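In structure tokens, the next block holds one chain alone, the form predicted on its own.
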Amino acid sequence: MCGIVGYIGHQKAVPVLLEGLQRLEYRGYDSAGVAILQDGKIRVEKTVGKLEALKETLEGKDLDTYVGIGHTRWATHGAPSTANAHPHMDCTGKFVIVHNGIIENYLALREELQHLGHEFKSETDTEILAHLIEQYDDGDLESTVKKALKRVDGSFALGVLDREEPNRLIAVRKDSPLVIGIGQGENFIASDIPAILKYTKKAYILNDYEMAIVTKDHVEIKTLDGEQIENKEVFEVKWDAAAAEKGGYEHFMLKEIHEQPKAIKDTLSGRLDLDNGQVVLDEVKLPVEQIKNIKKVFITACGTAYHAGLMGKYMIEDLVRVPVEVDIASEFRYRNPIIDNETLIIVVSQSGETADTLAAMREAKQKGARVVAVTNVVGSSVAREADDVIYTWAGPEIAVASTKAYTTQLIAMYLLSLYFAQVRETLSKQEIKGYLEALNQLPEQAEAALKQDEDILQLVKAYAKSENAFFLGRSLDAAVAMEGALKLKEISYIHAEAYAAGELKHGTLALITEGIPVITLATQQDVYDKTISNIKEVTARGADVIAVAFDTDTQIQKSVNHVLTIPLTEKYFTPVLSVIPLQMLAYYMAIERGCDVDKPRNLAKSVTVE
């Protein structure tokens, strides 16, 4: 997620902006910039890379000003570059903005503005906002911004400066966080509290559709409809800067687990046409005839992304009726797979830089396959080299153990599968609409799945000294079991293995001993009775079974020791919800065992070498 800072007051603005941006570095970014008002003009300085590069650019320059805005960018629309870095200006140089969020209708707006004579310097969706503000300029910054935002679909946290109104700046928010820091003779805007903690611990937290008009001595807050908001509650920050970088969470992993509802919502945003029952994947340019002629699909990835690929296999084979193979990327290129121009390769990589995945993709392209990439990083190698890209809008994931990247990769798999079914007409419009309505409920259901900390903490107390654990499941649950086992082993260092439950009799039962925890997923109704039979097999041998089941399941507690629940959803979408209690179990188990949760031993976030 990008970072925003803004300042107006009695101090020199640039050091304050740089300090704020530095406090937001934990969020991840690929470029940075500042804009200041100086001598009646807007001056913008921005660079690709880390803040040090921006500081070097600013060093020795005359920067004597008391108002400005700054930004650290995590690329979404447009690769990392100086042109795409924020802040962005309009054609006249009158307005400058910084923005977090996604403008969903930016392509239509860009085309309209170009017809009106506006010239664009970047590939970003953000620059649209600067030109919209220019287009609707009525001489008053507040009303101009309101008019412009009426044209916008999507999410935004926005900071705006006008060279002709140097004594105020505008901040406005919808779906992306924004706070207003309250000082003495100075005020601040920021996308997160750490940016302002050096200067103040008092802030207003903007709600959706609220606008702040900020001067050095006053903050006025209104709705976008113009209604004055009186007696806005002042939020008093109680934690220190280091904790605030994690949003009050003890670790980045826990923060990222709790960010999943928003990440899911963002990845779905603009891609569900619920009225017409259609998936909208404008970024996939694969011709309709080529989609109809696909004879085979390979999905290749590593680690957690590989587990997401297994879900793609289930959906594509069942809903699109095309055979799918899922390969670990490090093995794919060495087995001389049978590929031709009627083969589609789907590569999945959070970073877009995973060496084995890149190598597998290049091998497939050489053999004539079309490649669709699922990645979280705009401008990454995978994104640049693939024929088509589906971006997951998870934002930067800092903890080594992947959580929100995984769930958004699942969302991308669902969208792609339903899109192919739509094009190949293997599902009716009514069936697709039903799936889309279920997808649309997932962010809220994910929020509900998070609310079982107390139950999980009790389990942790009981099993934290275990050195072995097993995960079982059937059908899609088997793939979720693999991800749950990976989470537990990589951060708690408990030896954890996942098995398809039907394989118990083929060796695994020999490892079941008295009191060993066996985490069993029981969400797939077509194999539910068989799963219960497998549970009885391990309980008969002394295992303690922790089940993950629907909150509507009134029978499961009769067969297990403990139950963690998730809301009821379509069978294909259960992995998004059922993995959440497994992530939380792994996290709290690692805490109880004294492990370094965010940086487990021997592991790195992105594996960029073979």
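No experiment lies behind these values; they were computed from the predicted model shown. Residue numbers run from 1 along the displayed sequence.
Here the subject shifts to the form predicted together with a small molecule, a form of this protein not shown in this document.
Interface residue remark: residue 286 is not counted as part of the site for the small molecule in the predicted bound form, having no heavy atom within 4.5 Å. Among heavy atoms of residue 400, some come within 4.5 Å of the small molecule in the predicted bound form. Although the partner is absent here, residue 407 sits far enough away that none of its heavy atoms falls within 4.5 Å of the small molecule in the predicted bound form. Looking at residue 101, you'd find every heavy atom of it more than 4.5 angstroms from the small molecule in the predicted bound form. Note that among 185-193, 203-211, 140-148, 485-493, the stretch whose heavy atoms approach the small molecule to within 4.5 Å in the predicted bound form is 485-493. Just one of 349, 72, 260, 126 comes within 4.5 Å of the small molecule in the predicted bound form, counting any heavy atom, and that one is 349. When the small molecule is considered in the predicted bound form, only one residue from 476, 302, 446, 538 comes within 4.5 Å through any heavy atom, namely 302.
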